[in-house]
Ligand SMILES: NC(=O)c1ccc[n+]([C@@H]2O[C@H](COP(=O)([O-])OP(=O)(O)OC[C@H]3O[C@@H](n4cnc5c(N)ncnc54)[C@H](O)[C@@H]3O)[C@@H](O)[C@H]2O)c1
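The chain below stands alone and is given in structure tokens; this is the form predicted alone.
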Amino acid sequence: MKNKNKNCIIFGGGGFIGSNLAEELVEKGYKVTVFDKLYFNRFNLKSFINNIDIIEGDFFNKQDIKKALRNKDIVIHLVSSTVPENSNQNPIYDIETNLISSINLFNECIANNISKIIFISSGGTVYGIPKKIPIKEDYYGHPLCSYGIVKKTIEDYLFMFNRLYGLDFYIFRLSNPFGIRQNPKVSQGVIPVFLYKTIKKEKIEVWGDGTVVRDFIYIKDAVNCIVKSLNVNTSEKIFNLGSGKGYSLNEILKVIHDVTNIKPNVIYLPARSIDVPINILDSSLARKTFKWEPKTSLKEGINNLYKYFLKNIKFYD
């Protein structure tokens, strides 16, 4: 297979997106290394763990990064120490841990002659409140949270490193990915949180009246596009990656009800200032460039996650 000599390293590869990316890369014949923190839980990797290499280390340590990049061709950067909900509580921490560590990574990529870096950015936060829907990549908004500001700044540094040092890169602005291996016990990702709490018959807190609209993409569709991009050369650098369809939180709750046949127990709370009313991405550039289409409907994706939770529920309890 033509990809077997391409050595990829995924920083943050033990998590939800990273593990699904690792699996897709393995299936497509790439040599894959997962880099994650010391003593990280390998549950997400168990089905293909014998087909990858694993490095444990500190992403914020230059020496660990330098060692990890030896003999690698492609870098995928997924590490983030914050989420949109908590990033505004300490913007300095957000900058120190995410922006500065990313610049250190880019410097090491230059030193190690990395052929390409893939940065997974945020289609949900970098645009702020859009003036037009769906949102195209060239829309310049003002992010409402530090998480989005830092993601956008990291993107800008990639353009700088490309211009000054020739570091090749693609940026993927993911909408709201969901699917198997997603942790329902963290604050990021409404579908796994709502679904898990419905299964457990726990109260679901919704900020606002549930009319906030988001673009949700099934994780297998998202990683399929990212891996496809590794064999395509284009001058375009930023790609939205979403389904192109918007669903309100209330609609999500209805689909969960339909899939599980359990009525979610919902409590509506006052709306938050950081929540953008509507966000739907225009992913036509990715569709055209990589000859890609998302194939999984919202209901099918939620059903897949439902089956996954039922099978692995003890891990999350």
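In this text, residue numbers run from 1 along the sequence as written. As the structure is a computational prediction, the values presented were derived from the model and not from experiment.
Although it is not shown, the form predicted together with this ligand is what the next lines describe.
*asked:* On the criterion of a non-hydrogen atom at 4.5 angstroms or closer, are G57, L78 and S121 all touching this ligand in the predicted complex?
replied: Yes, each of G57, L78 and S121 comes within 4.5 Å of this ligand in the predicted complex.
*Where does this ligand sit in the predicted complex: which of 23-31, 57-65, 283-291, 257-265, heavy atoms within 4.5 Å?*
The contacting stretch is 57-65.
*Work out which of R70, K37, R272, R42 lies within 4.5 Å of this ligand in the predicted complex, going by heavy atoms.*
Contact with this ligand in the predicted complex is made by K37 alone.
_Interface residue in the predicted complex among F106, F239, Y147, F194, criterion: non-hydrogen atom within 4.5 angstroms of this ligand_ = Contact with this ligand in the predicted complex is made by Y147 alone.
*With a 4.5 Å heavy atom cut-off, would you call G301 a contact of this ligand in the predicted complex?*
It does not: once this ligand is placed as it appears in the predicted complex, G301 has no heavy atom within 4.5 Å of it.
*Looking at the partner-bound form in the predicted complex, is I17 within 4.5 Å of this ligand by any heavy atom?*
Yes.
_Touches this ligand in the predicted complex: P177 (any heavy atom, 4.5 Å)_ = Yes, P177 is a contact residue.
*Indicate whether Q188 is a 4.5 Å heavy atom neighbour of this ligand in the predicted complex.*
Although this ligand is absent here, Q188 would touch it in the predicted complex, with heavy atoms inside 4.5 Å.
*Does anything in 151-167 come within 4.5 Å of this ligand in the predicted complex by heavy atoms, and if so which residues, in order?*
Contacting residue: only K151.
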